[in-house]
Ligand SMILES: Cc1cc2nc3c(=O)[nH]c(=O)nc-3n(C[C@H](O)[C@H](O)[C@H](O)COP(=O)(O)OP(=O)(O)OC[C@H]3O[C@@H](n4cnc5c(N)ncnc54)[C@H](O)[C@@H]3O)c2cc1C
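Only one chain comes next, encoded as structure tokens, the form predicted on its own.
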């Protein structure tokens, strides 16, 4: 594994690009299917007894693509949560339920950088989360520049892309565009800068692009289509990934062998830090609250 700039990526052991070797995963997941593969492996091997993820039902006639947080205990159900939903899902809200209602002792959670920070804060200061912090086994972070409220995402899809949200089969952000793939095989896209008015307000004071407090981070940025960039941060995550590679469940390449590579990840991380730190400074001048910082590192 190669190492990048910790000032941009957060503390980490190394970075590589990878994809699942199982076609049942890669044919329906986003990019390399790393998050789904780790969740399935962890549940099958007993490393986790519960996984918190976001599930949406594109066939829901009322609110398709509106995700809800779920506690998954059956590895066969993991792929129901596959794919990125570009809108909020309160995954942290079911963390207590996973422990107290499902009886989970080893919980893994997938989350955006802000959600990963919320869980670390709960571990540090577990007010209202008694008996929960020591049950958190692994945090999987998702690379995130910004997110959208559900109605904002729906507006992007229906008004800007011209596609009914109920006709969407998959969404993606890449190569400077917001992409929509329909169930009929059509592909629509708009420049990403046209989506900025619909971003969630809290995203504008977040300087964490790579989920710096997670155990491992995954995302498409930096890797070719069909692969995921993986940032390994803890020995626990490294051990899981090494075992998966040894068992032939993951195909791995050096991030230095692929395009666009680690440089793009670091460039976009710098963009988010600079842009949103400027927003924070402007808010401080106006006397508005500064976003809290509990952890600077794991």
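This structure is a prediction, so every number in the text was calculated from the model and none was measured. Residue numbers count along the first chain shown, from 1.
Missing here is the form predicted together with this ligand; even so, the following discussion is about that form.
Looking at 156-164, 93-101, 219-227, 183-191, the stretch with residues near this ligand in the predicted bound form, meaning non-hydrogen atoms within 4.5 angstroms, turns out to be 219-227. Though the partner is left out of this view, residue 241 does not reach within 4.5 Å of this ligand in the predicted bound form, counting heavy atoms only. Among residues of the shown chain, residue 85 is one whose heavy atoms approach this ligand to within 4.5 Å in the predicted bound form. In the predicted bound form, this ligand sits within 4.5 Å of a heavy atom belonging to residue 54.
The closest non-hydrogen atom of residue 215 lies beyond 4.5 Å of this ligand in the predicted bound form. Of the residues 168, 81, 119, 107, just one reaches this ligand in the predicted bound form with a heavy atom at 4.5 Å or closer; this is 81. Looking at 24-40, the residues that come within 4.5 Å of this ligand in the predicted bound form, counting any heavy atom, are 29, 30, 31, 32, 33, 34, 35, 36, 39.
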